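First comes one chain, alone, set out as structure tokens in the form predicted alone.
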């Protein structure tokens, strides 16, 4: 992914500033929701070690939320105001993808959240360096990858039937995540300006959008394969 974004001076452009506030707002509410979800999922963990691992992931999500919240405050924006437009879409996603057990929760944390973080990392190519660094930092791996892979693969080895159920679950997560992204994009025009560009700000074209979607699809397939699941 090539970094194409504008300089930090672009924040003086009200349209661009509104788009950055939206980007940070949606990420902030996403991180806060992830913290709440992982803390709740820890209750389904079968061992103390597993509970501790999920608690650690939840704590990292909360730290990410705090960094995003603090950035909004630096902008002179009320974090609640910045997050509110995205509550319905994100809450709807989690309502439609509530895991029924421990394993579904792990797959959701790895596959479902992975789709979103990949997308926001792609968008970060079109923002100023300071915003880009913040987005990349909060979209980083929480150290959960190997933990999730090990637990899911062990469950499949113990009962191969689990693999089929979790593969269907993974495909459902993709569909729900894409629906959520489309809803956010349709309701928040400011975010689209990050891809379209503006005065002194490069945008993208249909060919690059196609390549971006291909990268998102490939990353999803790699995650599913790492879990031993068919995409």
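Residue numbers count along the first chain shown, from 1. Just so it is clear, the model here is predicted, and its values are computed rather than measured.
Another form, the form predicted in complex with a further copy of the same chain, is not on view; read the next lines as being about it.
(request) Could you spot which one of 67, 174, 181, 42 gets a heavy atom to within 4.5 Å of a further copy of the same chain in the model of the complex? (result) The residue from 67, 174, 181, 42 that makes the contact is 42.
(request) Answer for residue 35 alone: is it within 4.5 Å of a further copy of the same chain in the model of the complex, judged on heavy atom distances? (result) Yes, contact at 4.5 Å.
(request) Would you check, heavy atoms only and a 4.5 Å threshold, whether residue 127 touches a further copy of the same chain in the model of the complex? (result) Although a further copy of the same chain is absent here, residue 127 would stay clear of it in the model of the complex, with no heavy atoms inside 4.5 Å.
(message) Although the partner isn't part of this model, could you tell me whether residue 168 comes within 4.5 Å of a further copy of the same chain in the model of the complex, counting any heavy atom of the residue?
(response) Answer no; every heavy atom of residue 168 is more than 4.5 Å from a further copy of the same chain in the model of the complex.
(request) Would you please decide whether residue 46 lies within 4.5 angstroms of a further copy of the same chain in the model of the complex, comparing each non-hydrogen atom pair? (result) Answer yes; at least one heavy atom of residue 46 falls within 4.5 Å of a further copy of the same chain in the model of the complex.
(message) Counting heavy atoms only and using a 4.5 Å cut-off, do 110, 121 and 147 all touch a further copy of the same chain in the model of the complex?
(response) Heavy-atom distance to a further copy of the same chain in the model of the complex: none of the three under 4.5 Å.
(message) Partner absent here, but in the model of the complex, which of 156-164, 113-121, 83-91, 128-136 has residues with a heavy atom within 4.5 Å of a further copy of the same chain?
(response) It is 83-91 that comes within 4.5 Å of the partner.
(request) Could you list which residues of 48-77 come within 4.5 Å of a further copy of the same chain in the model of the complex, counting heavy atoms only? (result) 48, 49, 51, 52, 55, 56, 58, 59, 62, 65, 69 sit within 4.5 Å of the partner.
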